[in-house]
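First, one chain by itself: the form predicted alone, in C-alpha cells.
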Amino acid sequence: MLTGFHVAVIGGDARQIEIIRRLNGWDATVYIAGFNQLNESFTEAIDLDFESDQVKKLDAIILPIPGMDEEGNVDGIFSNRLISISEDWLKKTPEHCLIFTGISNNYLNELTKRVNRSLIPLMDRDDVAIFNSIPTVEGTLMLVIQHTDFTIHGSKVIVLGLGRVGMGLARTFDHLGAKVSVGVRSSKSAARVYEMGLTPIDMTNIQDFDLECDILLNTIPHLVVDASLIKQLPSHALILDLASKPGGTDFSYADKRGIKAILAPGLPGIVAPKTAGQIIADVVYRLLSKNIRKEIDHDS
C-alpha cells in the first residue's frame, strides 16, 4: 500500500488513467493536472493547484511518456490547457521527491539536476521495456494486417534491430510463418539471430545484402531506412517504423516511391493503454516503496 504517499500525475494519455486508478487503489493521495476534458471523473483524486502548498507534500511526480518539451511544457490529450512546470515550482518539492517520465530530453535532464531531484526515465528500464514490448508487438501485428492485402504467413519480413522490441517482433513473425531476417550490428546479436533459426543481416555492410521484402519493421531511432534501402523494396511493401520520433525512415523518399511507410511510436498506449498503464504503475509502486523512507503522519 501507498498510504501516506502523495503523488502528482501531470498530463498524458489513456495510460495515465490506469495509473491514477492503481494509485487510488493503493491508497495514495493523488493529485491530477491535465484531465479537465476527461468524460469520467476521479472522485478520489485532487486537482493539482500549482499555486498552493500541495507541491511541498509530493513524494513523486509522474509525467507523460514523452516527458516535457524543451520549454518545460507537458502535453495531455485530455486538456486544452498548456501545462508548464517551472524550476521554482520543482524546487518546492521535498528533496526525496522522484520525477518519473517515459523518456527524457536535455531540458528535463538539466532541470532535474538544477533542482537536485531524482529523474527516472521509465523507458530506459529493462523491466518496463520488456513488458511494453508485448503490446508493441501486438499493435504491430494489427497495423500489418490493416495495411496489407497478403498474409503474414509466407511473407518476407525484415526486422531492423534486436533490442527488446526487435526480439519480440522477430520471434512472433517467425511463429506466424513469415521468413524473417534481422538487421544487427554485433557478432553477438548475429549469433542470437542464428540461434533463433532466423537470418542475420550485418548492418555494417547492409549494402551487400538483398533487402527485398514484403514487410520492413524498424526499431532503430536514427536514419537507417534510407533511399538506398527503400529502392530495393517492391511497390507493395509496407514499412512500419516503431522507433521514437522522428523515426529512422526517409518517409519523403518512401512516399515518392509510392511505398506505404508509417511512423508508429507509442503503440502500447494506443492498442493496450490499460495494460501499459498497469506496467508503469507497478514499477512506480515498487520504486516508491523501495526508495522513499519517511515518517508518515497519518493524521495530516
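These numbers were taken from a predicted model, which means no experiment stands behind them. Residue numbers here begin at 1 and follow the sequence given.
The form predicted together with another copy of the chain exists for this protein as well; it is not shown, and the discussion that follows is about that form.
Q: Can we say E87, N106 and K245 each have a non-hydrogen atom within 4.5 Å of another copy of the chain in the model of the complex?
A: Looking in the model of the complex, the three residues E87, N106 and K245 all stay beyond 4.5 Å of another copy of the chain (heavy atoms).
Q: Could you check which residue among V224, L122, V74, M167 gets a heavy atom within 4.5 Å of another copy of the chain in the model of the complex?
A: In short, M167.
Q: Just to be sure I understand the contacts: of N116, S187, N80, T204, which is the one whose heavy atoms reach within 4.5 angstroms of another copy of the chain in the model of the complex?
A: If I apply the 4.5 Å criterion carefully, the residue I get is S187.
Q: From the candidate stretches 193-201, 95-103, 108-116, 216-224, select the single one in contact with another copy of the chain in the model of the complex, where contact means a heavy atom within 4.5 Å.
A: Within 4.5 Å of the partner lies stretch 193-201.
Q: Is K260 one of the residues lying within 4.5 Å of another copy of the chain in the model of the complex, judged by heavy atom distances?
A: Heavy-atom contact with another copy of the chain at 4.5 Å: absent for K260.
Q: Answer with yes or no whether S228 is in contact with another copy of the chain in the model of the complex, where contact means some heavy atom within 4.5 Å.
A: So S228 does not count as contacting another copy of the chain.
Q: Counting only non-hydrogen atoms and a 4.5 angstroms cut-off, does H153 reach another copy of the chain in the model of the complex?
A: H153: contacts another copy of the chain in the model of the complex.
Q: Even though another copy of the chain is not shown here, does A33 get within 4.5 Å of it in the model of the complex, heavy atoms only?
A: Output for A33 is no: heavy atoms all beyond 4.5 Å of another copy of the chain.
Q: Using a 4.5 Å cut-off on any heavy atom, which residues of 54-86 would contact another copy of the chain in the model of the complex?
A: Heavy-atom contacts to another copy of the chain in the model of the complex: nothing from 54-86.
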